[in-house]
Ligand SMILES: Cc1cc2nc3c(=O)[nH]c(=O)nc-3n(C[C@H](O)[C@H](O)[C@H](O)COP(=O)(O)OP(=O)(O)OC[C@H]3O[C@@H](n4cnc5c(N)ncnc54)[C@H](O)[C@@H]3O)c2cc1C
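Taking the form predicted alone, here's one chain by itself in structure tokens.
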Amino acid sequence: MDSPALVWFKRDLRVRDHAPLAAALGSGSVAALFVIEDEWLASPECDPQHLAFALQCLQELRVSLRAIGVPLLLRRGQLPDVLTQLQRDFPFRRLLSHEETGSGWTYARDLRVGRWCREAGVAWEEFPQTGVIRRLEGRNGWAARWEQRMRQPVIAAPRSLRGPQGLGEGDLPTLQELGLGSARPLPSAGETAGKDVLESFLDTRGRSYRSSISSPVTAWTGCSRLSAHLAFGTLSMRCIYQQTRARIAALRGSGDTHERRVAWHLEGFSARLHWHCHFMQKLEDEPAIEFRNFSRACDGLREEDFDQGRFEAWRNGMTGFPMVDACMRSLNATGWLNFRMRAMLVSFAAYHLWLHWREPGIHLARQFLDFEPGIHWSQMQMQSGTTGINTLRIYSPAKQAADHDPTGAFVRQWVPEYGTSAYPRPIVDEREAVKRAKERLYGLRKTDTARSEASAIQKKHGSRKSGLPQTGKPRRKRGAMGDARQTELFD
């Protein structure tokens, strides 16, 4: 334990409830590392806003680590090359990090780092930070294991560690120095900001959570707005869960009817924490779903029919469907949109425009500040009908507008030219497009091949009848084709 240790920070930019940092106690000397990876910058899902948010988080993290005697080394390059260069100045024998369920390039990188560690005689210790379970053999009992992990004591930040002397920390670069364009305005970043967002949600904003999350108008403040902090790890899932459960218990114990109603709203949020990891587990178990269909029976279904013109209209908010365009323009400008409207955007691309999910998924990944690969690619396929097990959910833009923007305020804000000659006509006939999509998808699902494959997918990835909590009103029971429940995840 007296060997020099390097704590590798990735998407876990905090000091509280940080298992790798705590595990460094007793090491001879400890340094921390964050790498701005060339592969990240070159990945199709990377956007300047992601770098800008991370850099803001690193500013506070560096201060917090200095306070306990640990330098945060900032490097740019490719792994494991950065480790090779660093070991010349700091001969660490332990590499400590959290597990990561990320994009394909992170999976390939971790394989390289593993080989490097074995060859260099470095012990690489990885620790879980979410409810995702590595090398999971089956989904039975998964929810109970998630609960057990979330109820473990929160790990306190070390009070003092011994850092090495003479290592250059490296300056935090600007976006311009990284060769990136400017980022859109961002919410406050870092561990302190994450705590403030959580407290404001549990104390005030979450009081009408269940009734606020569906409309893009009320969701802006009524949702937790914690998703970016989870994606970058400024707060741990365990801290959020335990603080939420404590708040629910206090509200229930107050004896006040109104407070108990608030507890009911927060129960809906608590349930979505389970579902958050449920969807991430899918990517952990099958990394290929970032690139190919869950259901291979869907291969070729949309690939050859991809219409670039429709895609450009969709991603620029110029489809002629005002609720779709308002949501896309809002997302492109702010980096955030509530889940129901995200689902509508994907549904519209998949069914109305008949676009394969991969290119729309890349565009949305760049727009979402809270891009979480496991949730993102699982949901892209779920909302596109290519999982083979979930009920097809085709959103009507007109109904969504009537239900969630009844006064038209949201559309007027983001599509001010609506109702004038400057606004485009609908790029597809909705009734005909939806009819054609249903015929093709339902027809495919009736084939023996699709039915057989669905059983295997359900066994590996599907939710079970017990364990995972409901997130809202009871849904109709799961039928032969899989789980019909629509989860609104983590807004």
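If you're wondering where the values come from, they're calculated on a predicted model, not measured in any experiment. Residue positions are given as counts along the sequence shown, with the first one as 1.
There is also a form predicted together with the named molecule; it is not shown, and the following applies to it.
- This chain is drawn without the named molecule; in the predicted bound form, the residue among 414, 279, 241, 357 with a heavy atom within 4.5 Å of it is 279.
- Site annotation in the predicted bound form: the residue of 370, 405, 267, 110 reaching within 4.5 Å of the named molecule with a heavy atom is 370.
- With the named molecule left out of view, the stretch that reaches within 4.5 Å of it through heavy atoms in the predicted bound form is, among 373-381, 92-100, 349-357, 163-171, 373-381.
- Judged against the named molecule in the predicted bound form with a 4.5 angstroms heavy atom cut-off, the residues 7, 27 and 70 are out of contact without exception.
- Taking the partner from the other structure, the named molecule in the predicted bound form has no heavy atom within 4.5 Å of any heavy atom of residue 247.
- The closest non-hydrogen atom of residue 302 lies beyond 4.5 Å of the named molecule in the predicted bound form.
- Mapping the unseen interface onto this chain, residue 275 counts among the residues with a heavy atom inside 4.5 Å of the named molecule in the predicted bound form.
- Interface residue remark: residue 198 is not counted as part of the site for the named molecule in the predicted bound form, having no heavy atom within 4.5 Å.
- Contact residues in stretch 322-350 (any heavy atom within 4.5 Å of the named molecule, taken in the predicted bound form) are 336, 337, 338, 339, 342, 343, 346.
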